[in-house]
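Two forms of the same protein chain are encoded below as structure tokens; each is given separately, as structure 1 and structure 2.
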Structure 1
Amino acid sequence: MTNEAEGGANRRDFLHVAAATMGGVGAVVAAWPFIDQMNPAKDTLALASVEVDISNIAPGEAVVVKWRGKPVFVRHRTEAEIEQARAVPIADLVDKQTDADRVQEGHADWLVVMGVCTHLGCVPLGTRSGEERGDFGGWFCPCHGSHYDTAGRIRKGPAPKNLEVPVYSFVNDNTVKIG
């Protein structure tokens, strides 16, 4: 009799474990669509990086590209702009970064920065020809008067930080990959 009682208890325990396991699997299968919908959409993932052809950008010119819904300024700096940026004493800067901190080694003539003012998020002028570049030859934010230099560093106005440098790399001599 004790053998049957033990066998009954083992079978009953197995049925409880099997039912709980199937219930758990069912809950995961039911919850998966809700969890999966929190992943980024395919069109968002496509914008995770953007490649920019820089072969047609002459020294002293810049282009604006969109990356993750925000403008990015890609400027081909002249030797004079590079020298001007390097000559600024760090003590004169609000957000203390050297020019070398803001460009990639071996590519000092290319500056890639987010085109969003760090004060309240306006888009600074100075990328297109004929636009106001501010007192330091870089960018000028028309919303509240922030002036950025040729390295995208804040020099005058209410902006607390330099223009952000996104993650970027040079794919080859003619292409920059942002993101």
Structure 2
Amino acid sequence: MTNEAEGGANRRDFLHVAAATMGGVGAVVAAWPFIDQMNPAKDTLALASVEVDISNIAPGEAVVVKWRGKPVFVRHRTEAEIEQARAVPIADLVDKQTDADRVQEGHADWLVVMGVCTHLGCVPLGTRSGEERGDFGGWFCPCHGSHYDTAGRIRKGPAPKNLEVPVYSFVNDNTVKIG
């Protein structure tokens, strides 16, 4: 207690700070399990990939498959639709990606995208025949009016990004494996 009079930090101050620091670190460490339990559990993470038989999807048609609880659109594009997507000047796009970036080489007629609007997650219309496809012939999200083109790129409306392209591969000419 000698240097207390001199206004310097004394032993007791040091102990207070050290104890408070340890307590704080401890509280954060203790809180983490209670936060992290909210993240996807192991069984949720283990959801397998899906294989899609694409042999009977005619050009111009599309199907929806469920992967990880979300819809995935698999669309067989017509020549005209591919043309239409390739003709757009890149400068006109909100989220700048060429059509070639969004399909796999040699499979330009197949477009595989997540059926999840990048705005707030609705499922855009346009996959089943007869549904509205929006101003650009791709998809139309009815929730807040986002329009996607035939490459699944956002063209109009509040969505900020193109429809996400999931990880997928062609197992053979008739089968696509998503995931």
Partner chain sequence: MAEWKATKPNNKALAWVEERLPIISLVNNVVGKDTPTPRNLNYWWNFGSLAGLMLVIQIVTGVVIAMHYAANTGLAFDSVERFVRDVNYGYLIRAMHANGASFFFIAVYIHIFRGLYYGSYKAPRELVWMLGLVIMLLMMATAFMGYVLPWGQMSFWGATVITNLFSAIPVVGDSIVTLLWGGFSVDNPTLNRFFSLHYLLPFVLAGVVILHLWAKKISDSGNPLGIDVKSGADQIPFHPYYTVKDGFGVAVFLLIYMCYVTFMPDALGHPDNYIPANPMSTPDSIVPEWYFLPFYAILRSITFDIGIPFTDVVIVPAKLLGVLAMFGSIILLFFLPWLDTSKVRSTKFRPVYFWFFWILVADMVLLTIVGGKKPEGIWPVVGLIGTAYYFAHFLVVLPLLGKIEKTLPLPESIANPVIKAAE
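When a residue number appears, read it as a position in the sequence of structure 1, where counting begins at 1. This is a predicted model, so every value here is computed, not measured. Rigid core: the largest C-alpha set superposing within 1.5 Å between the two forms.
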Go through 1 and 2 and tell me the one that is the form predicted alone. 1
Is Leu15 among the residues whose Cα moves by 2 Å or more between structure 1 and structure 2 after superposition of the rigid core? yes
